[in-house]
Every structure is written in C-alpha cells, then in structure tokens.
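Single chain ahead, by itself, as structure tokens, in the form predicted alone.
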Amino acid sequence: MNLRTNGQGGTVYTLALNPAIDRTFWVDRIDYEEANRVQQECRYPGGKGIDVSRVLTNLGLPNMAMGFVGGYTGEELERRLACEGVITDLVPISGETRTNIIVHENSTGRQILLTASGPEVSPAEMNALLAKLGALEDAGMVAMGGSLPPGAGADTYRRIIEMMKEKGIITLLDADGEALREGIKAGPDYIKPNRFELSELVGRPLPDVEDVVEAAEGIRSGGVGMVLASMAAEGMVLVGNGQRYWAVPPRVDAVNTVGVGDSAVAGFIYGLAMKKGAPESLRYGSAAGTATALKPGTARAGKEDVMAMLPRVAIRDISR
C-alpha cells in the first residue's frame, strides 16, 4: 500500500512507545464519600503518537502509527485504530497496554486525568522496534513523543533521532522532562513543548509570549531546528530560521484538554505536507488543537472541524 504524502516527500510515521486506551467517564459531581454514578463512558485509542495519527487520518493525510502493543488492551487498541482507518505497524510485547482514566465533573467543568505508567519493555522488544525504524525506506518524517515505558532509557528518543538523521528523515519530538532533555541533544528538526515543559527545560518561569520566544531561541542554539511551543488559550508560537510567528486562536468554551497538543502537532504536520509554509502550517496546528478542545472526552477533531476553525486563527509575525 502506497502511503506517500503529496508534499512531504515520503510517508509520515508516528511513534508511540507507551500508547493507551483512554477511558473517559462523565459524572455530575465527584463525591468522595458516596458512590459516583457514571452518566456516560467512552473508550478511545490514546498516546501522543497515536493521537497524531488519528488526526492526520481524519485530515486525509496517509500515515503509519508505530509503537508497542500488548495483551487484551493492546488488541482493543489495534481494533479501534483499524475502525478509525489508522494504519499501524506495532511491535507486540509481553506486557499489557495501559489504560488511562479521565473523569469529567459536569457540574464544574473540571476533569481529572489518571495516567498509568505502562508495561515494562524488554531489551529484545526495544531492539525489535529499533530494527523496524532502521529499516524504514520511504519515511519523510517521524513524529515521536509521549512518556517512555518502564525499561526504556531516558536516551531512547535521542538514539532514535540520531538514527533517523543518519537516514535523512525529518524528526519531530514532543516529550517532557528527562526524555526531552536527552532528545534535544540529537538536534531534532522540530520540538513541540508546551509552556510548562519549556519552562522546566530552561529553568525559569515564562509568563509572557516574549519569554516563551526567548526560551525557544535559547533551545535552538543547542542544535534544535525549530520550536513549536503551545501556550493553551494564548495559542502557539513557532521559532526558528530567523522566523517568529504567533498563532492566536479564537476564544472558545473548551470542553476537553486531553490530546489538544497532539492535534496541534498533526495540524502542523498536515500544513507542512501540503507545502503551506511555516506561518500557514502554524495556523493549521492551532486550528486543529482548538477544534479538538471542543470535542467531548478524547474524541479528536475531524477535517471539517479544522477547516471551519482555520479562518478564525490569526497569525502574527513577531520576528521584529
């Protein structure tokens, strides 16, 4: 099956080393003394790379999701992805794919996210995945991110980025903490931290957009190509190659925060693949993230949602 994109010069691959089934509950109010009656429940495939693939598929951009999968939950993950039309090449592991729990409190609009650590990955299982990545021949981009499973070293993303760079493949990293610190040592083409993750990376608060841009420039000096930094309702900035753009989304009544950043990554990749250029690709990213924020549970924005949001996103050139 030919998965080549019409603008990227090769297939877009996503990588989720610790995917999950996201199980979402809606309750009227959380009561810590009595039983809580669940009014609605949904289950969706989850994990950063998985979410990026789901939105890319919704946008009509061919891609392939890679990563680990195990047990009955892993089988459910694969089946749900297949039902959404997402093409996968997942490495089976002996452990059980994790389940994350999201609880929405209808009376307040708040939500609680409980994330599991995930199954341990053995050296043999990791080597099997690295062998698949090393054999890629048609890849134009590999977008990787999310938490690392037990058994994976903090340098895992760095090793993968180095491998992809040797093959001339564009890399995008969306991680946090030590995985991000190690990953940027390999000089990925793009990173996508949120404001908090970027703040942790540079070791200081970033209260204003100017602070975010300054921090992004500092990270770039270490070898990162471009920084795509998300700032929740304030939008996103793109910093790199002498360019500084700020995407300002419309004010919306968000009902969901899970997967918004992953949707933004997918929208940005879609823009790049369609040869839209940096500022317009940033607009697609902001539109996709904002559209997903309006979806209940862990549902993801569809193409109509993104295209309807696109003209409502303002792009500001802040390079001067």
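Heads up: residue numbers just count along the shown sequence, starting at 1. Quick caveat, the model's predicted, so the values are computed rather than measured.
Not on display, but discussed next: the form predicted together with a small molecule.
Not displayed here, the small molecule is kept clear of residue 39 by more than 4.5 Å at the level of heavy atoms in the model of the complex. Shown alone here, residue 236 lies within 4.5 Å of the small molecule in the model of the complex, counting heavy atoms only. With a 4.5 Å cutoff on heavy atoms, residue 260 counts as touching the small molecule in the model of the complex. With a 4.5 Å cutoff on heavy atoms, residue 286 counts as touching the small molecule in the model of the complex. With the small molecule left out of view, the stretch that reaches within 4.5 Å of it through heavy atoms in the model of the complex is, among 252-260, 56-64, 28-36, 266-274, 252-260.
Proximity to the small molecule in the model of the complex, taken as a non-hydrogen atom within 4.5 angstroms, holds for one residue of 219, 129, 170, 231, which is 231.
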